[in-house]
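Below, in structure tokens: the form predicted on its own, a single chain.
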Amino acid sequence: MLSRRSLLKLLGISSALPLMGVTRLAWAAENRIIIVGGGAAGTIFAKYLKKILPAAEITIVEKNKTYQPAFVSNHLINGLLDINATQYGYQTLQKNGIKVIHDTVTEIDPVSKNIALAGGKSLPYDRLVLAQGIGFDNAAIQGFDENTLHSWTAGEQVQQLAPKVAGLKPGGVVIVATPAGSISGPWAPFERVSQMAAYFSINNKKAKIILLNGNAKTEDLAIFEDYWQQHYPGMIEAQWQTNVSAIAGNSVTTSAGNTTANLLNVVAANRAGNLALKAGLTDSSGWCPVAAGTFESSKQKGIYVIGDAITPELGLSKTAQSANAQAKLCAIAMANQVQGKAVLQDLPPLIDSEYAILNNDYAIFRTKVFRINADKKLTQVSHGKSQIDDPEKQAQREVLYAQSWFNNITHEMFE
């Protein structure tokens, strides 16, 4: 098992790893790389490929001029972060020679190698990187649409949940519902419930939280329930393998019947975004199959998918840290292709980790480390995680580690 010291060492040096052993190459300007999505995967890919291949023509297409990361939306609930401290612009990327277009990609044509933008323009590419994140299967829940409060994707949704939690009437009820299957931020529902409970324990002591989770309870989740029972007895009711099938007003319908609350926070089944589906990049699971290490699409040559939209079959979590690591591997693999080297040469380990802050003085972590083996497959080589009986001081230190991780990843993305 990976020790905490070893994990910190890996995380600390991970930003430097992708350039080790990689020769910088002046690349002809006609080699055009377009990245769809300017989040944890897209920005990192652009920055690292530009470092390795400074002459490359790299363009990010991102609809939002300001990035509001979804992976810290829970930290706004209990005042761990301020909303103004979690907004980022793309000016530094542009200063470093990366073109940023604020528009929406409406179509990918893999035959002519062009993308169409909502603004009316068409852009040609030589290689395309899709780093757009997840979409929702709206049809899975009757009444779920773009106006449903989920706070699960970057942008305006991130700003909406915290004020609604603060505005809950005394003794009010909140429903947090997440679907079965693979989701972006596997620990996020339980961190969200924890942060709500921490806030209510001070500001709304009689409030109640109902967690409706579509998956079965796993051993990993025992640490959350143990913390809830110790600190918020009677406040949280967790229902496992319970999926929401309909929303109507302030009520949700499940196989167990109807449940009404004062605040609904409902997430529909996750899948790759509509653009990936439309471009033929997904399989029957709704996710994008890719080659391990290169992250080139198994469906369309010349298109790469990194981040939360990739198939769960690779064993990687849908987290910002995983997206960050995938972007670096993909950048090296693409540079190797250009240089005529072995594509999987010089790839660093892929660090797939996640933090959950349960209260402002208590956090937990888990991490897995992968490498590409001789069969060109991702193989887990080590792991580590918080334990239910860890000393309280360790959990307090994890808060500092989690905050440091957030500062480091956002700095790496936008500075």
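For every residue, the number given is its place in the sequence shown, counted from 1. Just so it is clear, the structure is predicted and the values come from calculations on it, not from any experiment.
This protein has a second form, the form predicted in complex with a small molecule, left out of what is shown; the following refers to that one.
S.K.: Hey, with the small molecule in the model of the complex, do 50, 129 and 332 all fall inside the 4.5 Å heavy atom range?
M.R.: Verified in the model of the complex; spot residues all out of contact, no.
S.K.: Only one of 386, 360, 31, 64 has a non-hydrogen atom within 4.5 angstroms of the small molecule in the model of the complex; which is it?
M.R.: After the contact test, the surviving option is 64.
S.K.: Within 4.5 Å, heavy atoms only, which of 224, 287, 199, 71 is in contact with the small molecule in the model of the complex?
M.R.: None of the other options qualify; the answer is 71.
S.K.: Contact with the small molecule in the model of the complex for residue 319, defined as at least one heavy atom pair within 4.5 Å: yes or no?
M.R.: So residue 319 counts as contacting the small molecule.
S.K.: Would you classify residue 103 as touching the small molecule in the model of the complex, given a 4.5 Å non-hydrogen atom cut-off?
M.R.: Answer yes; at least one heavy atom of residue 103 falls within 4.5 Å of the small molecule in the model of the complex.
S.K.: Examine residue 204 and determine whether its closest non-hydrogen atom to the small molecule in the model of the complex is within 4.5 angstroms.
M.R.: Looking in the model of the complex, residue contacts with the small molecule do not include residue 204, since no heavy atom lies within 4.5 Å.
S.K.: So in the model of the complex, is the small molecule close enough to residue 304 to count as touching (4.5 Å, heavy atoms)?
M.R.: Contact with the small molecule, no.
S.K.: Looking at heavy atoms inside 4.5 Å, which stretch does the small molecule contact in the model of the complex, given the options 237-245, 119-127, 250-258, 148-156?
M.R.: Selected range: 148-156.
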